[in-house]
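Alright, two takes on the same chain below, each alone as structure tokens: structure 1 and structure 2.
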Structure 1
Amino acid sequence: MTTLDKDAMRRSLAGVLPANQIVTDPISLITYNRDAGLDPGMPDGVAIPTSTEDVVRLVQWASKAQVPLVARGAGTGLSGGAVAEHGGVIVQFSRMQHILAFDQRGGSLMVQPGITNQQIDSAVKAHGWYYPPDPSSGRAASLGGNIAENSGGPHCFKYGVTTNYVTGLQAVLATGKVVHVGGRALDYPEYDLVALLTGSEGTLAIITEASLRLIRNPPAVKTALASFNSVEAASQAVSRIIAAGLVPATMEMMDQRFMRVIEDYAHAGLPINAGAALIIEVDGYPASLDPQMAEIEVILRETNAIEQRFAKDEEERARIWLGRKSAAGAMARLAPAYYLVDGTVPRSKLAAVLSDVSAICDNHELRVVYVFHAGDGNLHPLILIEDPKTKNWCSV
């Protein structure tokens, strides 16, 4: 498309939605040049719908004008999903954040896609319900982005990921047609189009409403931190806990290098002389937490944990989590940028794969630290980028 074409396209876009819902000035567009990942791409315009009807108008326009549309929530995605790589118009959902229905009796929630994880969490927890998917970016990340990426978080080992909680969607198809697939009931006699749209990274349709299934908020939690000589030893403990038939709500692992980086920054009291540490959290009724932790304690001892700390109150729990949650800030002090490689393996392969990852990084003279969801085999090596002028980098 030539510059002239682009000008014409922008003028035509201006007729689709009111002026305060369209952004085309080049300075403002810079904000949309990236998400939290590596790859840039400048959009030709941004449209900010306030309703499904707005989205339909945009899709009809884009289809006629042959302009690509890129849906965008908060832009915290890490793989370039919300970037208009080849131009086109970004459809940004910050003004569609409402809760449309909250069925407290049935335990379901209907929302617009711009709502954040944090907003959902506070709305439902106040009434004793819980929406488990909890990406670490949840303060900003939108549900539309969560659905499009099928996001997970530290509690996924026990509770599953986004797709396990989405029962219905309203979406605008490329034809401009609005469809509801699934709904607030279960097992509709249709192909599972809800599942196809979930995790489709904005490439199949634009999601304009979602129905979510809620579960009861666990009445109590207990948190422990255990340290080990090595990642292998910590992985062994994870396997033993699972083999015992226990299902902790979280098992997060940090290696020594990660802990040292964090400790310098957050002073969270992490066991920096250990090779690895595990944050283990169990939840349930208060009466079950001590017996669960007692069993875990035995397993940790048998798997040669160096040290075990059990949080006695909310303050101690927050302190254990402080280290894990300070990752982004701490990493920024260490290197101007990092490259986070997100892969999964069957859990029993984790220790072996991590030692190979370290070898790969050594061979490439790259510094790497590890922090990851150990329960579900999701490794997250953070490769430090010493010089962000090299071709690919990701700002923190």
Structure 2
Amino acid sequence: MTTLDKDAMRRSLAGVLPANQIVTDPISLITYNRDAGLDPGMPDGVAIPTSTEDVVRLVQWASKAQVPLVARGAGTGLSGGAVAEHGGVIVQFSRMQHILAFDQRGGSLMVQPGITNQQIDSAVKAHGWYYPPDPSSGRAASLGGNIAENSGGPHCFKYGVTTNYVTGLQAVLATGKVVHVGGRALDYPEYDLVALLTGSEGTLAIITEASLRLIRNPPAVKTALASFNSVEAASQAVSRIIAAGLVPATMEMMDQRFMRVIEDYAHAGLPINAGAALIIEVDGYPASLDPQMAEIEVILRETNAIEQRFAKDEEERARIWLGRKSAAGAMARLAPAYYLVDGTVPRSKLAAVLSDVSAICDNHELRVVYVFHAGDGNLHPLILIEDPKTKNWCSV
């Protein structure tokens, strides 16, 4: 698209929504040129809808003008799903973040796509309900992005990912037609179009409302911190716990370098002299917690854990999780930038994959640190970038 074409497109866009819902200033557009990854894509404009009707008008305009649209929430994703790689207009949902309905008896919620995981958690927890999908960026991550990417998080090993909790969607198709699939009931006949849209990364429709199912808050939680001499040893413990048929609420792993970053930031009492550590959490009825943890402790001893300790109260538990979920922001202490990889492997292969990743990074003289949702095999090697201005780091 030429500069003249872009100028004409922007003038045309200005007539679709009010001026305070359109961004075309080149400087302001820089804010939207990437997500939490490093691959850029400069949009030609940004539209900020406040209703489904706004989205319909945008889609109809884009269809006629042959302009690509990219839906965007908070931009915390890692796959480029919110990046306008080939230009076009970003549809920014920051002004559509309301709870539309909350059935406190039935445990369901209807929300707009711009609402964050933290907002949902705050709204439902006080009433005894829990929305389990909890990506580590949940303080900022929006539900629409969660649905587009089918996000998981630390607790997905036991509770599942986003698709397991979305029961209905309102979405706008490429023609501007509004469709409703599923609803607030837990089971619908015919094709599971909700599951089709969940995880489709914005390629099939733009989501404007979502119905979610909630579960009751676990009555009690117990959190353990186990340390090991190496990442490989901690990975073996994870495999043994799963092979034994145990299902902790979460198993999160961190290597030494990562723990030191977190400890400097959050002072969570992490074992920074160990090679790696596991955060293991069990939940359920209070009487069940000690037996669950006792079985896990046996396996930890058998896999040569060098220390095991437990959060003595909710404050200590919250501090550990605050540190874990703030870790990405604390990475600036290690390098000016980093490339965060988000992949999933069979859980039995974790140790072997981590060994291979370390060997590859060593071969290319790249520094790497690790954090991952060990329970479901979702690992995050963070490759440190000493000089973000050069492209040499990504030529390997």
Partner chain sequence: MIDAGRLIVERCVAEDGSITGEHGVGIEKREFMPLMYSADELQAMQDIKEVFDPAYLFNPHKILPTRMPTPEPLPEPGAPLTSTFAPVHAAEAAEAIRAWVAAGKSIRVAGASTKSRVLTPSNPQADALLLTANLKGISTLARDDLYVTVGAGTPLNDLQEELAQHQMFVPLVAPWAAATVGGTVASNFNAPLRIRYGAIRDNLLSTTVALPNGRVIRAGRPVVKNVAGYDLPRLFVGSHGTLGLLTDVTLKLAPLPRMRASLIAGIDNDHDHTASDRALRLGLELQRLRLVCSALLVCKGTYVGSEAPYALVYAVEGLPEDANEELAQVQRVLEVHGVEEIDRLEEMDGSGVWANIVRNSGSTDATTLFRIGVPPGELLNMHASIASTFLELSQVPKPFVFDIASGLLYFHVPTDSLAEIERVRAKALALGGYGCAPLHAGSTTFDPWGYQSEGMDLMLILKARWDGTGLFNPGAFVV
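Structure 1's sequence is the ruler for residue numbers, which start at 1. This structure is a prediction, so every number in the text was calculated from the model and none was measured. Here, rigid core means the biggest group of C-alpha atoms that superpose within 1.5 Å across both forms.
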(message) These are two forms of one chain. I'd like to know which is the form predicted on its own.
(response) 2
(request) Inspect the rigid-core superposition and answer whether the C-alpha of Lys125 shifts by 2 angstroms or more between the two structures. (result) no
(request) Superpose the two forms on their rigid core, then report whether the C-alpha of Ala249 is displaced by 2 angstroms or more between the two structures. (result) no
(message) Once you overlay the rigid core, does the Cα of Asp134 travel 2 Å or further between the two structures?
(response) no
(request) With the core fitted, just quote the Cα shift at Ile262 between the two structures, in angstrom to one decimal. (result) 3.3
